[in-house]
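Before any questions on binding or motion, here is one chain by itself as structure tokens, the form predicted on its own.
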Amino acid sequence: MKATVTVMLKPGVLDPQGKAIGQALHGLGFAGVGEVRAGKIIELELTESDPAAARAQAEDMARKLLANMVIESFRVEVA
């Protein structure tokens, strides 16, 4: 079963990478872009066949390793 964990900085946490991307987009002529936030996506191939158990495993992994819970939040999708 595949689990996708999306990790983003929490609102209010400074995002220098997002700011740099936004400035570069404006420099390329994309004037209609507002605030940009950068994050990461982690795809996990799990041997678990039960979707609820797979989600629980991925959430546990995110809390323990994949996301810094002080400054980041995460979302898990299971397919």
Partner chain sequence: MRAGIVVFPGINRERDMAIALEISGAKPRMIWHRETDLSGLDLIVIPGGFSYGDYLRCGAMAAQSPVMRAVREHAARGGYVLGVCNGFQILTEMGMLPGVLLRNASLRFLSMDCYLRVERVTPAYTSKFAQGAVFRAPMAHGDGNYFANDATLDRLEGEGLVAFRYVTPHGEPTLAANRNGSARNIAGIYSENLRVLGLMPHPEDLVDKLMGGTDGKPLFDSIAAAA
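Treat the numbers as computed from the prediction; the structure is a model and nothing was measured. Positions refer to the first chain, counted from 1.
The discussion below concerns the form predicted in complex with the partner chain, not included here.
- Taking the partner from the other structure, the partner chain in the predicted bound form has a heavy atom within 4.5 Å of a heavy atom of A67.
- Taking the partner from the other structure, the partner chain in the predicted bound form has no heavy atom within 4.5 Å of any heavy atom of A56.
- Using a 4.5 Å cutoff between non-hydrogen atoms, K40 counts as a contact of the partner chain in the predicted bound form.
- Taking the partner from the other structure, the partner chain in the predicted bound form has no heavy atom within 4.5 Å of any heavy atom of E77.
- Judged against the partner chain in the predicted bound form with a 4.5 angstroms heavy atom cut-off, the residues V13, Q17 and I71 are in contact without exception.
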